[in-house]
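A lone chain, given as structure tokens: the form predicted alone.
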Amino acid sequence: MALQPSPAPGIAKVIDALRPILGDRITTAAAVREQHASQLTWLLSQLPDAVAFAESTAEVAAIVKACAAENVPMIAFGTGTAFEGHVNAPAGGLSIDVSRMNRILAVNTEDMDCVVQPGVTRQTLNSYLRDTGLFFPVDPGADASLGGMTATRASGTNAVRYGTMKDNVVALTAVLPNGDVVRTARRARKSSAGYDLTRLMVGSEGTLGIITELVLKLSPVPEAVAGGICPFPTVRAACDAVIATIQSAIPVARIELLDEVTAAAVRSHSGLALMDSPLLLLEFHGSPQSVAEQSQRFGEIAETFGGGPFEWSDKAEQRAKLWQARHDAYWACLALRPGARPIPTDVCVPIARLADCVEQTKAEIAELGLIAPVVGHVGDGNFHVQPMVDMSNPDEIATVKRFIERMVERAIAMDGTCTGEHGVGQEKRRYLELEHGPETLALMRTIKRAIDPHNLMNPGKLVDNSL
């Protein structure tokens, strides 16, 4: 279901001002506006008044200046894969779609970096890089735009070895709420010159500006890759094996948890021969000798926690099927309760508290009688729960909302965070003061007011309390 907020005052003047620049690339068509509201959450979709398709930094600047002149809200849009209502338009306004800004501008192989526009997706970039010996490692699963991944500080299956977007964005260009264009840094890998504006923009969720260009760090394609599956008797045993693996300094590239519910769904969906028990999916990068050694060492650790056998392979085709099945877990779990709405959410805790947090969350799922599969990028303490909700049942909706609240409160009590990678958007704004405290939240609001005094950039998200 979608809501249409009252049209933003001044939107007609903005459309008239931009028509000579954009032509038919600015539209008020209902179908296009619906596509540019949030679709992947239980929040109602809130449609923008119009959608503008930009093709350059200069066009984004012109669009922003036109909106600023009329105090019209702006919402940046990449591919729309975010889960927490990031692209909703609670105050109406203009959705600025950057998906046509999809050029790879430069690849500097000797420096191991590249320059891209924000609409380039991670799969497109890695296909382009195939013959260079380099790749971009951040892999959130969805083929998200790199601009959107930067705005939400995305991570994914490779984060335990290669880091998140904050570790892989060297510099960026952004259009500020008044239409000014800024570049946050040069291509040097480190600098002590001034405030770290790159990190300020990474994770700002479109509330401080619209990203129009990115300098990204690239990584060498590993000489050899090995990976496989390891079953465990319980989720706690699997999590304890993860903790021991990380503490043993084994340089694992991916280490993913599937609980028994997810494993059964993925087996049915993918056709892979998976056991209906908690599983760890692993991958190791390095030389042929090192990946074999790492695989053997992990197998020994798994045995001490009742896990195994760890079946691993260095065959690319087998690994590709395994990770495709992992990335399809969201869709696989839809079959667990046909007609129900999946509500994905995530938290992240220090690695030593991972087993406690997952085990307590699983116990509450069982107590409430929910169908809520659990998966996780557990190498860095991040896990996801996907309750399947009958949206026609108000009591069930209320139960799941309370469950998510307790899950977040539990993670924060363990010195964790309300979101490891989904971001805040609309849905998790309520937890920021609990996590950060009033003084830190006040500082965030001060930054927002300083850069966006009229609250035009993605209003109603992150730290904004005006809606």
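Start at 1 with the first residue shown and count on from there. Just so it is clear, the model here is predicted, and its values are computed rather than measured.
A second form of this protein, the form predicted together with another copy of the chain, is not displayed here; the remarks below concern that form.
Stretch in contact, per heavy atom within 4.5 angstroms of another copy of the chain in the model of the complex, of 365-373, 315-323, 283-291, 266-274: Going through the listed ranges, the match is 283-291.
Give a yes or no for Q46: in the model of the complex, does one of its heavy atoms lie within 4.5 Å of a heavy atom belonging to another copy of the chain? Result no; Q46 lies far from another copy of the chain in the model of the complex.
Heavy atom to heavy atom, is E359 within 4.5 Å of another copy of the chain in the model of the complex? Residue-level check for E359: no, no contact with another copy of the chain.
I'd like to know whether P233 contacts another copy of the chain in the model of the complex, with contact meaning heavy atoms within 4.5 angstroms. Residue-level check for P233: no, no contact with another copy of the chain.
Is there a non-hydrogen atom of S192 within 4.5 angstroms of a non-hydrogen atom of another copy of the chain in the model of the complex? Taking the distances in the model of the complex, the answer for S192 is yes, it comes within 4.5 Å of another copy of the chain.
Counting non-hydrogen atoms within 4.5 angstroms of another copy of the chain in the model of the complex, say which of C67, A37, V400, V424 makes the cut. Of the listed residues, the single hit is V424.
Just give me the single entry in T184, T81, S295, S99 that has a non-hydrogen atom within 4.5 angstroms of another copy of the chain in the model of the complex. Selected residue: T184.
Out of 435-462, which residues reach within 4.5 Å of another copy of the chain in the model of the complex, heavy atoms considered? Sequence-ordered list: E435, H436, E439, T440, L443, M444, T446, I447, K448, A450, I451, L462.
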